[in-house]
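Given next, in C-alpha cells, is a single chain: the form predicted on its own.
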Amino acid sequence: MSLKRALRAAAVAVAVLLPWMGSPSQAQEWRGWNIHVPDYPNSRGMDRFGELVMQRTNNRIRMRTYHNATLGQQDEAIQQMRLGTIDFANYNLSPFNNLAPSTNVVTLPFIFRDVPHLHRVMDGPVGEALARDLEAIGIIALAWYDAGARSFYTRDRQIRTPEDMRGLKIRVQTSDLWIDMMRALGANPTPLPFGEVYTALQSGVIDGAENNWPSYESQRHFEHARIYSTTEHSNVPEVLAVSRQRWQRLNDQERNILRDAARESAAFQRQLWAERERRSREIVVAAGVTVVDITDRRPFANLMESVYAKHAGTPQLQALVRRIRETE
C-alpha cells in the first residue's frame, strides 16, 4: 500500500471513531433507579434499555439498574437525578405534579379513552410537551412506559354506575386529586398507605380500593375484595428518563442511541405489561372473583368537571386537555 493510500485509510478510520474519542461518556458506569422488583415489566424494560445502550456503544456507556428502590424512594430518586447522582430511571408521573405542571393533565381521571389512545397521545405532541416541562427541571424524558389502568374493587357491592359508589369507603392515595375524584363520585375517600390495604379490606375498615390488575392480584387484595369493576378511571403513564447533566455531556450519536434504545424498550415493556394484565385477570377469575365489565364510562367521566377545573384550571393545562381529547 502506498503512503498516500495508507494515510487516507487512517483518516477514514479516525473519522469513524471520532464521535467516541474524547467523549465524556467513555467507560463510565451509569446508575439506574427503579422501584419495582426485578421481574416486573418496567424492570425488564429498563434492563433491555441498558443492554441495548451497552451493545450499541461497545460498552463505553455501561448501565446498571438498581431495582427494589435500592437507591431510595421515588421522591429521593427524583432529587438525586436532578442533582446528577442518578443517571437514568423509570418514574411514575404523579410525584411530578408540583414540579412540572403539565404532568397534572395525564393524571386526571378518565383523561384517556383506552390504552391505544394513551399510546398515541404520549408518543405524539402531548408527550413532547411533557418532555419539555420535565427537561426544565433537569430530567430528559426518552420514552413512556405503561402502568396499567386502575379500577375499583369492593368487598360487597358491584359498581356499574356512579350511584353504586355512594357512601362507599374507598382507599385512596394521599393526594388532593384522588380525594376530590372520590368525592365527586359520591364515595368517602380514605387515605391509607398501600401496605395497609390488605388488612383494611380484611377487617372491613374500608369497603374497597382501586388499582390495576397486577397489583390487585399480586397483593392478594382479591381475597377480601371479590368484585372488580372495570371503571379504568386512571391510566397514568410512566417515564423512562436520564439526567440532564449526563445528557448534556453526550454527543449527538450517543443521544440518538439512547433515544432509539428507550423507544425499543418501551415497546417491549408495553407488551410485557399487557401480558401481565391478562395473566393477573385470569388468576383472579379462576379464584372466583366477579368481574363487572363497564363499557360506557361517560356517566363517571361526566362528574369530573369540578376536578378538572381545580387541577387543570390554567389556560395552558386546559389546552393540553383539549389536545388529548382531540387525539384520534
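Fair warning: this is a prediction, and the values are worked out from it, not measured in the lab. When you see a residue number, it is the position in the sequence shown, counting from 1. Superpose the two forms; the largest set of C-alphas matching within 1.5 Å is the rigid core.
Below: the form predicted in complex with beta-D-glucopyranuronic acid (BDP), not depicted.
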Checklist entry - Even though beta-D-glucopyranuronic acid (BDP) is not shown here, does Ile35 get within 4.5 Å of it in the predicted complex, heavy atoms only? => result yes
Item to check | Non-hydrogen atom contact Arg150 with beta-D-glucopyranuronic acid (BDP) in the predicted complex at 4.5 angstroms | outcome: yes
Checklist entry - Hey, in the predicted complex, is Asn211 touching beta-D-glucopyranuronic acid (BDP), heavy atoms inside 4.5 Å? => result yes
Checklist entry - Hey, in the predicted complex, is His233 touching beta-D-glucopyranuronic acid (BDP), heavy atoms inside 4.5 Å? => result no
Checklist entry - Only one of Asn256, Gln173, Thr85, Thr199 has a non-hydrogen atom within 4.5 angstroms of beta-D-glucopyranuronic acid (BDP) in the predicted complex; which is it? => result Gln173
Item to check | The single option of Asn97, Gln80, Ser215, Ser229 touching beta-D-glucopyranuronic acid (BDP) in the predicted complex, heavy atom within 4.5 Å | outcome: Ser215
Checklist entry - Are all three of Gln74, Asn92 and Phe194 close to beta-D-glucopyranuronic acid (BDP) in the predicted complex, meaning a heavy atom of each within 4.5 Å? => result yes
Checklist outcome for this item: Only one of 165 to 173, 101 to 109, 130 to 138, 245 to 253 has residues with a heavy atom within 4.5 Å of beta-D-glucopyranuronic acid (BDP) in the predicted complex, and that stretch is 165 to 173
Checklist outcome for this item: Across 234 to 264, the residues having a non-hydrogen atom within 4.5 Å of beta-D-glucopyranuronic acid (BDP) in the predicted complex turn out to be Glu238
Checklist entry - With both forms fit on the core, is the shift of the CA atom of Pro191 between the shown form and the other one 2 Å or larger? => result yes
Checklist entry - Taking the rigid core as reference, does Thr174 move its C-alpha 2 Å or further between the shown form and the other one? => result yes
Next on the checklist: Rigid core aligned, does the Cα position of Gln219 differ by 2 Å or more between the shown form and the other one?
Outcome noted: yes
